[in-house]
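This document starts with one chain, in the form predicted on its own, laid out as structure tokens.
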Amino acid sequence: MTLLLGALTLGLILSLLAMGVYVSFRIFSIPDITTDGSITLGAAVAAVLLVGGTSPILATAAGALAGAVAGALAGVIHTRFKINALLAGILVMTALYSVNLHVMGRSNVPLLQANTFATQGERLGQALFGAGPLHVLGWPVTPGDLAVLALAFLAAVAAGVTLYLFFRTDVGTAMRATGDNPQMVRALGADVDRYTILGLALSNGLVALSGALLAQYQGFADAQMGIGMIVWGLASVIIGEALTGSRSLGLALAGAVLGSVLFRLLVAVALRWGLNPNDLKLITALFVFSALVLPRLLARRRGGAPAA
């Protein structure tokens, strides 16, 4: 049960990453590699502030804001300097590796003695249910683990609802239109570059928020923690689309959360069955590759089949 709760909690925390990737990849059609650096930046900023005694709420918000700045920088490089979006993300991600090391002052910042959302959740659980283990479906569970899971669930729901409501506003609708048809938006007199920069800032703000919460949950921030996270986010989005069967905004955001949780559960089961952890990134990349290629192959096969 502890493994299951841990997988659910990690899946919910990383669902913020999945929603950020959804914004850049599905709404703006930009595979933003900045993700790999901004998730570490969010974790690094939050960890340093937490070690210094800042409250978890302010530290987490500062981490998210730092990620938004990194995303905006990638947007500026792409729009103002006319550099390919993929290359702009690679440039910012590469620069962020050094920035993250400067922020942390070393390659790893432990949070064992810091006051984090995880420690607050544990105290909340003990205050509500006592120190003894609870029994859920016959399995012993600590109150702290349940409380942290509940906080991660609330964070994912709050982010999803806020993002949904934002994209229903005039600015959000204009951002979605920019991703769908930038020529039309430009013809209407709107600033396409501004909406692109804002979209990448929003995307990486969510990614950095996920990193800040992830660092607090696992108890440390590490300079290497962002490697391959863009692939993780893509896998979550693709699984979510397969689960919901729709790309409408509300279902897509819900699917991103469900996809992240399900993907984390699959990873936990695979590791429990003896998967070599060194192969995890390789298998994730192969899964995303298959999920991106198979629909096209199936559509091409159906299109080339003789009519009945």
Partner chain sequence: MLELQGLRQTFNPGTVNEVRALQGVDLTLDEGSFIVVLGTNGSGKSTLLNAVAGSFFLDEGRIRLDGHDVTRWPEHRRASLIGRVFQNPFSGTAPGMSIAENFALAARRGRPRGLGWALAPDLMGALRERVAGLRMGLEDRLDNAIGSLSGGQRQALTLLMATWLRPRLLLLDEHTAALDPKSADQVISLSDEVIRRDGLTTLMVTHSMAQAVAYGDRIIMMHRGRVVHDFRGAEKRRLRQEDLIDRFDEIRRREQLDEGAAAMLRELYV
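Since the structure is predicted, the reported quantities are computational estimates derived from the model, not experimental observations. Residue numbers count along the first chain shown, from 1.
A second form of this protein, the form predicted together with its partner chain, is not displayed here; the remarks below concern that form.
When contacts are judged by a 4.5 Å heavy atom cut-off, A187 counts as touching its partner chain in the predicted complex. In the predicted complex, no heavy atom of H102 sits within 4.5 Å of its partner chain.
By the criterion of a heavy atom within 4.5 Å, Q183 is counted among the residues contacting its partner chain in the predicted complex. When its partner chain is considered in the predicted complex, H78 lies well away from it, no heavy atom lying within 4.5 Å.
Taking a 4.5 Å heavy atom cutoff to its partner chain in the predicted complex, the contact residue among Q113, T173, S107, S98 is T173. For the options F129, F153, F166, F220, the one in contact with its partner chain in the predicted complex, meaning a heavy atom within 4.5 Å, is F166.
Note that among 118-126, 82-90, 187-195, 201-209, the stretch whose heavy atoms approach its partner chain to within 4.5 Å in the predicted complex is 187-195.
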